[in-house]
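Okay, so here's just one chain, in structure tokens, the form predicted alone.
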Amino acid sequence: MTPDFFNTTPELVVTADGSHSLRFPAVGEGYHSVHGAMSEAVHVYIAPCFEPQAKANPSVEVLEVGFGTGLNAFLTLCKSMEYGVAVNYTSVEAYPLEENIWSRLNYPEIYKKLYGNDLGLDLEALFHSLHTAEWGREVEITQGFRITKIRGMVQEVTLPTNAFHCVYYDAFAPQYQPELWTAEVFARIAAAMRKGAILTTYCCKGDVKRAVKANGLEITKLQGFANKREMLKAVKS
């Protein structure tokens, strides 16, 4: 089901940490928290999900549901180079952004301000490469970081079994895309996770927790970002 607001053009907004996000004014829904897009992505996906796996493994397989603005992929790329780990990054996205929208996002600039750039990376070029990578095939962005962008809905695409260390579940909220938050979808996700894999998501609603837990994942409620009380972490044991 395509939410009606996807047929409109999102507006560019500046969030509290200076990083951009996109919002749909008609419904007040956006890609990130207005309290800080980049800070939220680090809080929800990088710190509790990617970093533990990057410390424990020489290479990390990441599955992202919702490529969106490319923020999670960009942060993972930067952090993978800091940690010196190889990453195979798979992202599923049904509604890719046009270049005239993503090219205006200020993530390289804000990353430098918030986290520095001790490695002297060409952050602008890296962000551009993630967005221009061809859909449907594996593309090497840097030596050690490969991305495969899959255009489609996660409940329809074919995922490998027992493959991923990390799952970033970053779909739009259940009230807008309820079909992406069902036990059936999380069964597909759980099957794609290897033992010890971590899934994180900003959503901690009761029916979402039950859908995740029904597929044998051990759930933990973590402190949410900014004004959100809770977020969800799930591990395949």
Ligand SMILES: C[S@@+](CC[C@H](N)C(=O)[O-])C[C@H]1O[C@@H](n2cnc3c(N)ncnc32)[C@H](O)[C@@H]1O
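Quick note: we count residues from 1 along the sequence shown, nothing fancier. Being a predicted model, the structure only gives us computed values, none of them experimental.
The form predicted in complex with the ligand exists for this protein as well; it is not shown, and the discussion that follows is about that form.
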**Study point:** Partner proximity in the model of the complex: Asn72 to the ligand, non-hydrogen atom cutoff 4.5 Å
**Key:** yes
Practice item. Classify Ala171 as contacting or not contacting the ligand in the model of the complex by the rule of any non-hydrogen atom within 4.5 angstroms, answering yes or no. Key: yes
Exercise for review: Answer with yes or no whether Gln155 is in contact with the ligand in the model of the complex, where contact means some heavy atom within 4.5 Å.
Suggested key: yes
Review point. Is Tyr31 close enough to the ligand in the model of the complex to count, meaning some heavy atom within 4.5 Å?
Key: yes
Point to revise | in the model of the complex, segment of 140-148, 76-84, 90-98, 115-123 with a heavy atom within 4.5 Å of the ligand | key: 90-98
Study note, to complete from the structure: Picking from Ile198, Cys204, Leu180, Ala192, the single residue whose non-hydrogen atoms come within 4.5 angstroms of the ligand in the model of the complex is Leu180
